[in-house]
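Let's start with one chain on its own, the form predicted alone, as structure tokens.
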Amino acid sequence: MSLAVDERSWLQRHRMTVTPLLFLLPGVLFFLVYVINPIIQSFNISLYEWDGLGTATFVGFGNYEELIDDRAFEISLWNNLKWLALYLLAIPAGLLIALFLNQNIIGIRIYKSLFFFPFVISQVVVGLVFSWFYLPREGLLNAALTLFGFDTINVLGDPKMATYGIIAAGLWPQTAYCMILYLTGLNAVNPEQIEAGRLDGAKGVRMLWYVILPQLRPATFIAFVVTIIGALRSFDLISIMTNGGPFGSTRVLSFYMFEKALSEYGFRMGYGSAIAVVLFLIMLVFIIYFLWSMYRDERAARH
């Protein structure tokens, strides 16, 4: 009887700690099983030469050594860097659109719906729409170029232009996502600070830089995280629009990993896992930086 009383009193004393842990437990278990466990398995498989069915042969870091001299891997890595650099344009573009939509003008709800539309449609649909847009003869892009007296271009058929054409397609929905983040942040901007800025003579760019943007730091932080992760794991648009072509010029690491591990001419699970590990390590650098930034900001806020 005394044991029951002691146990009940312990739960009562620690209920503020135990209750959140019980709510977090299912999510943590799913995270361990479906995220951490596959990451560990990928590291393990990358040390073997395996076709997914037969006996795996241990090769150590042989797959990683092969990556060093793999021209297709080098192209994929450079394309990922291009995605990273150009995809970040979605953040200032989303901010500018959000500032425009945060006004009380006639028809603003229609404008919001039009800018919000790319975010709710599938990436597959986006890829198909831009594939039609880039068509050499029937596409809207070349129709507009012809109208203004320019020569037609084959965006997806040119190895030098195809990657940039796909990135432009990806920027359309990504800009809409950043816009939504900034619209939410603008609704939380303190009007008293804006009024104080006006009294101090701040307006236009100075008002934006010194008063509004500091209050949008949380939205900017999330926009950076989501945009960088989206750029690194880009796959669906490439698969739909070019399937890695022409001549493999639009491959990125995630698509090359799929080609090597799972495509018709692949089934090199160990080599594909090595590519996946490299991609994960690149993403890990950014994840650690973002987590450190969050921790630093929270410490600064507490002190």
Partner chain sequence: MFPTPIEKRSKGTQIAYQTMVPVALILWLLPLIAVASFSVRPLADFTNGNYWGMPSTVEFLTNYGRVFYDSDMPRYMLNSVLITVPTVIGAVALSCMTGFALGIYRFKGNLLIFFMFIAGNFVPFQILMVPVRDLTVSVGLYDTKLGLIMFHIAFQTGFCTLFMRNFIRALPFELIEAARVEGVAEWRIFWFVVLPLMRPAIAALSVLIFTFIWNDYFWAIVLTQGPDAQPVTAGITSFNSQYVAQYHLMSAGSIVAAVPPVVMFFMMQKHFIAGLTLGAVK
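Residue numbers count along the first chain shown, from 1. For the two forms, the rigid core is made up of the largest set of C-alpha atoms that agree within 1.5 Å on superposition. The structure displayed is predicted, hence computed values, not measured ones.
Just so it is clear, the following notes concern the form predicted together with its partner chain, a form of the same protein that is not shown.
Of 150, 117, 78, 164, which residue is found within 4.5 angstroms of its partner chain in the predicted complex when only non-hydrogen atoms are counted?
Comparing distances to its partner chain in the predicted complex, the residue within 4.5 Å is 117.
Which residue, 108, 85, 196, 145, is the contact with its partner chain in the predicted complex, using a 4.5 Å heavy atom cutoff?
Of the candidates 108, 85, 196, 145, 108 is the one lying within 4.5 Å of its partner chain in the predicted complex.
Find out whether any non-hydrogen atom of residue 175 is located within 4.5 angstroms of its partner chain in the predicted complex, and reply yes or no.
Close contact exists here: in the predicted complex, residue 175 approaches its partner chain to within 4.5 Å, heavy atoms only.
Any chance residue 231 has a heavy atom within 4.5 Å of its partner chain in the predicted complex?
Residue 231: no, not in contact with its partner chain in the predicted complex.
Given that the partner is absent here, does residue 60 sit within 4.5 Å of its partner chain in the predicted complex, heavy atoms only?
It does not: once its partner chain is placed as it appears in the predicted complex, residue 60 has no heavy atom within 4.5 Å of it.
Is there a heavy atom of residue 154 lying 4.5 Å or less from a heavy atom of its partner chain in the predicted complex?
Looking in the predicted complex, residue contacts with its partner chain do not include residue 154, since no heavy atom lies within 4.5 Å.
Enumerate the residues of 116 to 144 that have a non-hydrogen atom within 4.5 Å of its partner chain in the predicted complex, in sequence order, or give none.
116, 117, 118, 119, 120, 121, 122, 124, 125, 128, 129, 130, 132, 133, 135, 137, 138, 139, 140, 143, in sequence order.
Do you see a C-alpha shift of 2 Å or more at residue 205 between this form and the one not shown, with the core held fixed?
Superposed on the core, residue 205 moves its C-alpha less than 2 Å between this form and the one not shown.
Relative to the superposed rigid core, does the CA atom of residue 280 travel 2 Å or more between this form and the one not shown?
No, shifts by less than 2 Å.
With both forms fit on the core, has residue 147 moved 2 Å or more by CA between this form and the one not shown?
Moves: no, less than 2 Å.
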